[in-house]
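Shown below, as structure tokens, is a lone chain in the form predicted on its own; questions about how it binds or moves come after it.
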Amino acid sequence: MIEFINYYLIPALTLGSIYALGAVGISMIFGILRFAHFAHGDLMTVGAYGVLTAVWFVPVHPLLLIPVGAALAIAAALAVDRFFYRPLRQLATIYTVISSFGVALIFRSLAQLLWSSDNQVLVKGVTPPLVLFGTFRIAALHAEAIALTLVIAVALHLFLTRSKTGRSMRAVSDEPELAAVAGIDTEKVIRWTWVIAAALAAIAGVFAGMDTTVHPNLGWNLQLAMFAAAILGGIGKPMGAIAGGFIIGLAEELSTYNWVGDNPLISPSYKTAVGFLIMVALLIFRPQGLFRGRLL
């Protein structure tokens, strides 16, 4: 049991935290702008490189420099929306989706040009694990990622339900035409959507970079799993995306545990497929997702 918690459950919750933070942005963008943003994983990469650059000049813990990475990701998101997505807003959705693939390639190419294609670390050296009750050993990053994700989930829920801007975002997501007629500034709502989605993507990118390494394909490699989490929770439902992220993360990691016999139930090489099997099964029997989101 101790081994299961130390080496499977806690890493699964950490992976779920990364998926959850990325999936929230995907879900919000789809709910308000009505298109699948395939450059979202690359916003994670931009945020991670922003923090990496800040660490070179200010040698403190990367988590303290998250605002730098978030600011860079937000600036990148607002720029691509202004110059790439807004001119296509009145056209069929497929044009914006294809455009997002181009934006993803631009982000990755710029990352290779500015920071090289090498793997780089955010935290040098070995950080000793946290020891609880003399038996549980938890990596400090894992504890920080899980705790911060839960705090963000609560804060996001309060923002969307209690603030005027949050209620406007929900109104635009439910009925954009009616919201515009009611006098809601839809462009302001769109800007706030990009700000929140990019900031959360940057945080997820920093967590992923600290857990492994920072490289140009960091976010792209995680993107399909984040889409699966967003669909699983219900498109357009931020809390559903968070739940979906944790479910996908838990399913992937726990499927490699030796539940029967001494060998892993599923080889770690195939664990990514587990989350997609869950997603496909849910789409067949409950196409709106766990939280009854928007149909694709």
Partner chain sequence: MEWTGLFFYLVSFLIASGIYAILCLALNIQWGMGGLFNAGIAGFFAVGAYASAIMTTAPSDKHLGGFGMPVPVGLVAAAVLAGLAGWAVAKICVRLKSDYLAMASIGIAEILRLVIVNAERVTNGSLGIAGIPRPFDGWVQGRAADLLFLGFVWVIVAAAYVVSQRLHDSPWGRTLRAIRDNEAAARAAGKDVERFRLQTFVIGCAIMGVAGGLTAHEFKFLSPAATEPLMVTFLVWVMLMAGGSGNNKGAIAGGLGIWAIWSMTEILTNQLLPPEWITRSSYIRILLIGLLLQFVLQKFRSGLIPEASPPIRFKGD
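Just so you know, these numbers come straight off a predicted model, no measurement behind them. Rigid core (definition): largest C-alpha set, two forms, superposition within 1.5 Å. Positions refer to the first chain, counted from 1.
There is another form of this protein, the form predicted in complex with the partner chain, and it is not shown here; the text below is about that form.
Enquirer: Could you check which residue among 123, 110, 75, 148 gets a heavy atom within 4.5 Å of the partner chain in the predicted bound form?
Expert: Selected residue: 110.
Enquirer: Please pick, from 79, 195, 98, 143, the one residue with any non-hydrogen atom lying within 4.5 angstroms of the partner chain in the predicted bound form.
Expert: Checking each option against the partner chain in the predicted bound form, the one that comes within 4.5 Å is 98.
Enquirer: I need the one stretch from 53-61, 258-266, 245-253, 228-236 whose residues put non-hydrogen atoms within 4.5 angstroms of the partner chain in the predicted bound form.
Expert: Single hit among the candidates: 228-236.
Enquirer: Using the partner position in the predicted bound form, report whether residue 93 sits within 4.5 Å of the partner chain, counting heavy atoms only.
Expert: It does: once the partner chain is placed as it appears in the predicted bound form, residue 93 has a heavy atom within 4.5 Å of it.
Enquirer: Should residue 105 be classed as touching the partner chain in the predicted bound form when contacts are defined as heavy atoms within 4.5 Å?
Expert: Yes, residue 105 sits close enough to the partner chain in the predicted bound form that at least one of its heavy atoms falls within 4.5 Å.
Enquirer: Even though the partner chain is not shown here, does residue 49 get within 4.5 Å of it in the predicted bound form, heavy atoms only?
Expert: No - in the predicted bound form, heavy atoms of residue 49 and the partner chain never come within 4.5 Å of each other.
Enquirer: Using a 4.5 Å heavy atom cut-off, state whether residue 224 contacts the partner chain in the predicted bound form.
Expert: Heavy-atom contact with the partner chain at 4.5 Å: present for residue 224.
Enquirer: Just to make sure I understand: among 256-290, which residues lie within 4.5 Å of the partner chain in the predicted bound form, judging by heavy atoms?
Expert: Those in contact are 269, 270, 272, 273, 276, 277, 279, 280, 283, 284.
Enquirer: Once both forms sit on the same rigid core, is the C-alpha displacement of residue 9 at or above 2 Å between this form and the one not shown?
Expert: Result for residue 9: no, shift under 2 Å.
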